Structures are given as C-alpha cells and as structure tokens.
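Shown below, as structure tokens, is a lone chain in the form predicted alone; questions about how it binds or moves come after it.
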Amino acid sequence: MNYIEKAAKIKPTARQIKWNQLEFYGFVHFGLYTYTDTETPDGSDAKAKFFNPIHFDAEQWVKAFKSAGMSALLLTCKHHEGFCLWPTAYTNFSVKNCPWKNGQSDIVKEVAHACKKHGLQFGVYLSPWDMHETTYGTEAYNIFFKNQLRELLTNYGDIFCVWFDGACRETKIKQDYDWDGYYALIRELQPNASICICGPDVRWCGNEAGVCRDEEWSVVPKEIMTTERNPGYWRQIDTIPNATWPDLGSREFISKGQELMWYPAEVDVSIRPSWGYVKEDDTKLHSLNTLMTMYLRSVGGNANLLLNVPPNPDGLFAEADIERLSEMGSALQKLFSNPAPLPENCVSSSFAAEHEPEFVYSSNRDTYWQSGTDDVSPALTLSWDKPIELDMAVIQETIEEGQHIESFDLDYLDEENHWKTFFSATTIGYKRICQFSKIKTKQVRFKVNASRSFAAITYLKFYQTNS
C-alpha cells in the first residue's frame, strides 16, 4: 500500500467529528493576571487577595457568546501563574483564599451552570506550566496536576474539551509531564471530551493570528503531536514537523514516510491584543470585518475558531466586546440567511451505490454523494430552470470516510454554453466556504481535479448573500 492509499484510509473518531461540528466557540482568559501588570506573574498565596470580581456574572459571558453564534465556552480554570478559579483541595492559591464572597466562591461552577442553562457546551483549560506550585519540576507535580484534573472532570458536569497549553518560558526548571497519564484520566472520567492542542484529538493551527493555511489537512504526521507536547523548546526545532510549518499534509509532504494521524486544526485568537484584560485594549478590538475574515478563513477552511474574550477586574465583559460579539452574530446570521433555491436537477459523472448526488442537498451526515473509484475527475452538475444569481457556496466533505479531495473547481455555464471556472481551491475537509464575484447562470458544476481515492461530499449549498 503506498502513502496516498494509507492517507486516504485514515479517519476521525466520533469524538473528533463532534468537535468539528462545534465550529465556533469562545475562550475566557480570567485569573489573577487580570488584576496585575502581567499575564503570568509569580505569586505567593497572599497575592490571592487581589482577585476580587465584585460584579462577576457568568450569564453575561454566556449570553454574549450566544449572541455571536458560538456553541461552547472554554474557561481558563488555572493559567500559568497557578491561581485556581475553583476551591481546589490541593493548593491555597485559589478563590478560596480571596476576599470575594469571603472565599466561598467557585467561578468554574458558576460558569458551568450558566452554560448548561443557556445551551452552551463547557470546556476546561488547565495549564501544565505552573509558576506557583513548589512541586513543579518533580514527579510529585504530576500527582498534583492529576488530582486537580480529577476535580475538574468530576465536579462540573459534562466537559466538551480539555485544553492543554504548550507554553513554558521556564528555563531553570523542566517538568517531565505525564501526558499519557493525563489522557488516560480524561478518557476514564470524560470519555466524550476532546483533548486539545497538547493532546491526541485536536492540534494548534500554528499561530494566534486567527487564520489557518489555505491548504489545511486533517491527516498529518504524528510527530506534530510529539512536538506540541514539548513546551517552549520545540519552537527551535526545524527538523521535526511542528504546527508552525506552512505545509503539514500535502501529497509531497507526506511522501516522506512519516506515520500519519487524523489531527484537525483549531484557530485560537483574542478579540483584543492581549489574552487577559488590559484596559488600554478597550479601544483596540478587532474590527467586525477582521473577525468575519477570521471566521471565513478558519471555519471556512477546515478548522474550528476559538475566540477569546477577557473579562475585566469586575468580572464582566466590557461593553465594547459585547457589542462586537453581537455584531458578529448578526453578520453571520445575515451571511447565511439567503440560500439559493434547491436545484431542479443534480447529475453526477459517477456515483457509488447508495450514494446518489441528490444527497448533497441535505446536511444529514449519514447520507452523502460518493464518486465511483475509477472516476479520475468526478463532478456534480446542478441545474435550475431559470437563471440564478450566486456569490457564495458551502461545501462539506464526508470526513467520516477520510479527507480525500486535493483540489477542485466551481464552474458555471455561460450564455454561450461554455464552462467557465469562477472559483478554485485545494482542500475541503470538514467545511470550505467559497466566496466569489456574483455570477448568473442556470448550471453550476463542482469538479474534483485531484483526490486520494474517491471523492465524497456530505453537503453542497449555494447562496445569494448580496441579493
């Protein structure tokens, strides 16, 4: 079996498919660093007194994320400074040692409850790097870390993901993380939770700029998971594939004989320059246009989008952030509000048994069009009785069968009955959003130029966004 055949046979787990379907969700960076001059300060237990979010309102956060069209919320339960947003039994450096509510608070509990109440999924971030814990750098720290992880996985309901940060700027002390032990505990206690970034389910896209690659593959070398698990120093390694490389999955790249795995990308970015709250950033939010571009290039480019919004010292999102989230939700709703009528006819150059072309009209992932295995340039032709104006398409590959499509064209039939290409791209994966100048036609053709084995499409829909 050659390397292309091997790549074509790699498929996601049910857990990874469910994660992909979330598409767009929110990050909340909140901690002791919200009250200090740096996002990652060293701290004694006494510094917990600075944490005092007197107007904290978890429902405000959740409602703001809902207004943006998000599906979940991920909370930094412990960041690098080691301060814990829940009353952990394993350190005093937590909310139980702060003045707010006389130490009787539990931020994690309130956020988890608000998510459940308003229909968002809830996830936890637990930083492996801990600048406060005295056992850091010893085997005892792994026990400490797993004890805290167990608390988060057993006391706060269903968890959709556990997010591990690969950051570490510590040069004097190195911690040998028990990654396999962390993973085993998550699988035991929250088997449906995805383990993200420093984990086996989801990888970092390689930047914090809000964009992924133009050609984003979910089938990539397994070495990338190894480099993600080596905080700080892996960035200096140029000889081992890592998440920052511009090409991770092309035919040329995977020809080098690496072991491959299904490892989809997540794009993480903050709505403002800093990850934690900085008052000077109140007027420096990303514009609506920038956020929409990030969405279209990530969710529309085979990646999920994780957008951070940091609460202020009062424990609230700033009004400017709330307004921008609402604007984004309205813009997304408008963008997808005017789908073109269903075609009167859909013809395939070939299709496998029980995978007829009309199945692309439905978002039901159990039905899909699949080309014949001998069709070197499979195509779908969609026809309307009357000319129709179009300027956007959404295409979803049937990732349950793997990621196969390497390049495709969208063509339209002009008034002289000539096919003209109006959009071209490489990969599709979970979702490709195609924006193009307005065309008017009665026929559109989706044509696969190159693929790994057959082509399979779950969903194909056109839109009239400017009508």
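In this text, all values refer to a predicted model and were calculated from it rather than measured experimentally. Don't overthink the numbering: it's just position in the shown sequence, from 1.
One more form of this protein should be noted, the form predicted together with a small molecule, which is absent from this view; the next part is about it.
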- Of the candidate stretches 366 to 374, 268 to 276, 255 to 263, 242 to 250, the one with residues having heavy atoms within 4.5 Å of the small molecule in the predicted complex is 268 to 276
- Task: Report yes if any heavy atom of K47 sits within 4.5 Å of a heavy atom of the small molecule in the predicted complex; otherwise report no.
- Result: no
- Please check if A167 has a heavy atom lying within 4.5 Å of any heavy atom of the small molecule in the predicted complex. yes
- Spell out, yes or no, whether the shortest heavy atom distance between E208 and the small molecule in the predicted complex is within 4.5 Å. yes
- Y125: touches the small molecule in the predicted complex, heavy atom cutoff 4.5 angstroms: yes
- Query: Which one of W86, W163, Y295, F93 is close to the small molecule in the predicted complex, taking close to mean a heavy atom within 4.5 Å?
  - Reply: W163
- Answer with one of Y430, F30, F27, F51: the residue that has a non-hydrogen atom within 4.5 Å of the small molecule in the predicted complex. F27
